[in-house]
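The chain below stands alone and is given in structure tokens; this is the form predicted on its own.
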Amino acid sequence: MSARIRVLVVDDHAMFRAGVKAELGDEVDIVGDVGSVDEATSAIRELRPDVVLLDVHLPHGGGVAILEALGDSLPATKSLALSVSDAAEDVIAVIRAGARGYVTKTITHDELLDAIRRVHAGDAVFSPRLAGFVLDAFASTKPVTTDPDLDRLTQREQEVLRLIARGYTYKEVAARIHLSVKTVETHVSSVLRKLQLSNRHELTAWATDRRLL
């Protein structure tokens, strides 16, 4: 018999977390439940769940902040957004940040269980309406691997580039990806040199032109 999928529930409403645990606890292994961005980031790093059920709207940054803080550090952990919102901007933001799927809280027990299993297996999971948002948002976006300029940058440099281009300060970037401010400054200098740019304003324009934000 295969091992049960290990799931972490992230939502700022304790009653909702309790409800998910009661609904799914017999079929998946609920390894924990937390209600804040900081708790979620720590719990994911410590517990390394297979799937994170991730609320989109949390105090102090929400699901996007959690995904950005983790970056590519835990590739085996997949995130499935579970939200009351079906707004296009919420769906697109969390998928851009790295979630593998997005479903709303109107989902049934069987549908949610199926979504967890599919995300764990590597599929991208959306309801038909939400899938349309994602397809529309990404249809005209060129794969980053086709950009020779971007390919000159390391994965960490690309991560720093995106955050700086979104307007974060060096200190904020350092806190989000667990680096020193000096290391972030070094990465930014390297990015500017490789792309032959002079300052962060040019960097932001460069990233915007390539739809990296």
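In this text, the rigid core denotes the largest set of C-alpha atoms whose superposition between the two forms falls within 1.5 Å. Don't overthink the numbering: it's just position in the shown sequence, from 1. Being a predicted model, the structure only gives us computed values, none of them experimental.
Although not depicted, the form predicted together with the DNA is the subject of the following passage.
Annotation: in the predicted complex, residues 183, 192 and 199 each come within 4.5 Å of the DNA through at least one heavy atom. Using a 4.5 angstroms threshold between heavy atoms, residue 154 counts as touching the DNA in the predicted complex. Looking at residue 169, you'd find a heavy atom of it within 4.5 angstroms of the DNA in the predicted complex. In the predicted complex, at least one heavy atom of residue 179 sits within 4.5 Å of a heavy atom of the DNA. By the criterion of a heavy atom within 4.5 Å, residue 188 is counted among the residues contacting the DNA in the predicted complex. This chain is displayed without the DNA, yet in the predicted complex the stretch 155 to 163 from 39 to 47, 62 to 70, 155 to 163, 22 to 30 comes within 4.5 Å of it by heavy atoms. After superposition on the rigid core, the Cα atom of residue 200 is displaced by 2 Å or more between the shown form and the other one. Once you line up the core between the shown form and the other one, the Cα of residue 9 stays within less than 2 Å of where it was. When the rigid core is held fixed, the Cα atom of residue 184 travels 2 angstroms or more between the shown form and the other one. Compared with the form shown here, the C-alpha atoms of residue 166 and residue 11 sit at least 3 Å closer together in the predicted complex. Between this form and the other one, the CA-CA gap for residue 167 and residue 36 narrows by 3 Å or more, being smaller in the predicted complex.
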